[in-house]
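Single chain ahead, by itself, as structure tokens, in the form predicted on its own.
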Amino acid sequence: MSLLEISNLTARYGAGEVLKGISVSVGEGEIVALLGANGAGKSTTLRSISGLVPHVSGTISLGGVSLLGKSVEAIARLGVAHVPEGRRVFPGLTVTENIRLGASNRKGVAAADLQRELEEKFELFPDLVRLRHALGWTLSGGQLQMVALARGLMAKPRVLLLDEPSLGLAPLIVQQVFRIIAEIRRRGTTVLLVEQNANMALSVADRGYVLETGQVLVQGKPAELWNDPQVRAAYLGGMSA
């Protein structure tokens, strides 16, 4: 059984239907990529899963438990962590304080355990060690992305939702971020990834879905998507830069 199962999901913003009955599954331990042009519904899918889009129908379940109708906080407690586009790091807090916020939904965790987990995140993101007392507003885009990823992992999620982690980053930093995403999966966290950079997304993904105007156009393993001439020309080739 899939860890995360989305079936016939529709979502609306006002009078407009953004998602038109999409179905997506994510197995335990997988990285699954959502690809497609701007406006295809990729980010709306993530926001629907995490409870940020109120007008949805269909089914969304995590480990067999329905997420529909639950609050954002309840969904987070069930094991969904969402790293949104734009990172959303608090500029007036230090790196350490920002990362610690990821554990705010986990009640009753001993301080010593939280400190140990925090140090594990600095081990995963060694570039942040020297910046642990730096304020958010002083960080570069790549450093902000690493803080956002570390904060998401502090929630100890069953599934991590990543929205455009490479956006606005230099190519070398993008490669570093995707190496970390692969390592996150290797350590046991399931990932649903929205990404414009199809080359990088498919280099780490087990499977991918291509969305077009709120519908699933095609799905498959990375090699299958790359070898589909129509998909490659219309969706993947234009997103490789």
Ligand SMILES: Nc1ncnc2c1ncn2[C@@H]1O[C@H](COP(=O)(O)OP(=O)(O)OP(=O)(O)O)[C@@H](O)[C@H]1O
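Model, not experiment: these values are computed from the prediction. Numbering starts at 1 and follows the sequence shown.
Beyond the structure shown, there is the form predicted together with the ligand, which is absent from this document and is the topic of what follows.
Shown without its partner, this chain lists Val174, Ala40, Leu62, Ile31 as candidates; in the predicted bound form, only Ala40 has a non-hydrogen atom within 4.5 angstroms of the ligand. Of the candidates Gln215, Thr189, Gln196, Ser203, Gln196 is the one whose heavy atoms come within 4.5 Å of the ligand in the predicted bound form; the others do not.
The shortest heavy atom separation between Glu97 and the ligand in the predicted bound form exceeds 4.5 Å.
With a 4.5 Å cutoff on heavy atoms, Ser50 does not count as touching the ligand in the predicted bound form; it lies far away.
In the predicted bound form, at least one heavy atom of Glu85 sits within 4.5 Å of the ligand. Using a 4.5 Å cutoff between non-hydrogen atoms, Leu9 does not count as a contact of the ligand in the predicted bound form. Partner contact region in the predicted bound form: 42-50, out of 22-30, 62-70, 174-182, 42-50, criterion any non-hydrogen atom within 4.5 Å of the ligand. Scanning 210-232 for heavy atoms within 4.5 Å of the ligand in the predicted bound form gives no residues at all.
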